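Single chain ahead, written as structure tokens, the form predicted on its own.
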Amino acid sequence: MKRLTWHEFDARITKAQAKFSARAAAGIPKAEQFKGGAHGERVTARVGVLLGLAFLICFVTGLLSHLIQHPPSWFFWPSRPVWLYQVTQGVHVLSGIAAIPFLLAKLWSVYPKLFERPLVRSVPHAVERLSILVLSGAAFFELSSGLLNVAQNYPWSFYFPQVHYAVAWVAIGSIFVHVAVKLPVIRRALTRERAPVEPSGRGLSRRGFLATTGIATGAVVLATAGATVPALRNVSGLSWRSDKGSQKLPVNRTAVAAQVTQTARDPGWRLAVVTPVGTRQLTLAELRALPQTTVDLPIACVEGWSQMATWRGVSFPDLLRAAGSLPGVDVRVSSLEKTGLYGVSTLPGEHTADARTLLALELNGEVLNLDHGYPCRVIAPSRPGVLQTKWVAMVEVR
């Protein structure tokens, strides 16, 4: 084997590097390939506004749902109108679904930025790129995990509500950072007389791309909105959870899963109502002997689906008076369920004073079946389904 001199070795290395660089450069798309209407500054800004609006609505309505389930001392949530939570949570899920095509469109519009060189030009540019990386990761996590939650598919070991809530703050924070860094560009792009003329290229025009994005977003929302908008139920082919279930109501957690099949059917079951004056034990027959109230209330799940139903039972004002207490006090409701995360809930005084808040014994004209909470369950207006405690064993005035 011929031995190479140092100069020959160096020349070969230089030649190989040049060849590698040429091949790498040939494989990187040139910026000129992305000069079509879909990649213009104005398109990016407009899609970004829509995406930001969808995320903001999703964040605010999700924050409301979190505060209802984990209320701080200052938080207040009304019991009227009865459909309020049904609307806010439906909007939360649908705005998240609408954000998916907006996010994909936004990423496609800024795709050429991936090939800009140098990668980092300044500190603001580095902050911008970092905010995009964090925003993209948080957005993809929120939207994908939210969709899996809607489908009740949990391929992870963490507690979904807690992690979903935490990452939502990361996502909204990165959005504000990104907007702050890009504000001059956004202003220029949204001001028609100041926006630069953008060259046309192959593919959709700017208006065509925006129209396609709008149509795609409308289609996915329409396909799923029937889960929360009854009027669209027959045209929403991908809607989940409607009136298909026992007693015309979906069931998220069955009696078997809650391990209450024997205790709920026990003839010795008694409802304990604990007040400052003492504890009263009520049989099912005694509950039925109290004044009965019939109301039409929706049950609305955190997954976004909702369904109106007719409930009959003892109103909480009547129940508290029968036990020697006054309506309008906070009560702690405990279930026969011992293994779930929602076996105990707190019913605020706003709801215990409302005659439409029931300890329900019947559903849609029939005695509650086991999966819907027999022998009795809570149904309160404008409350998440996870807080409508089933298989109630004890009510304690706090």
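In case it trips you up, residue 1 is the first one in the sequence shown, and so on. Everything numeric here is computed off the predicted structure, so don't read it as measured data.
Although it is not shown, the form predicted together with a small molecule is what the next lines describe.
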item	value
Contact assignment for the small molecule in the predicted bound form, among N252, T212, Q259, N149, heavy atom within 4.5 Å	N252
Contact of I299 with the small molecule in the predicted bound form (heavy atom, 4.5 Å)	yes
Heavy atom of G385 within 4.5 Å of the small molecule in the predicted bound form	yes
Contact of G343 with the small molecule in the predicted bound form (heavy atom, 4.5 Å)	yes
Contact flag, W305 vs the small molecule in the predicted bound form, heavy atom cut 4.5 Å	yes
Stretch in contact in the predicted bound form with the small molecule, which is absent here, among 351-359, 335-343, 39-47, 59-67 (heavy atoms within 4.5 Å)	335-343
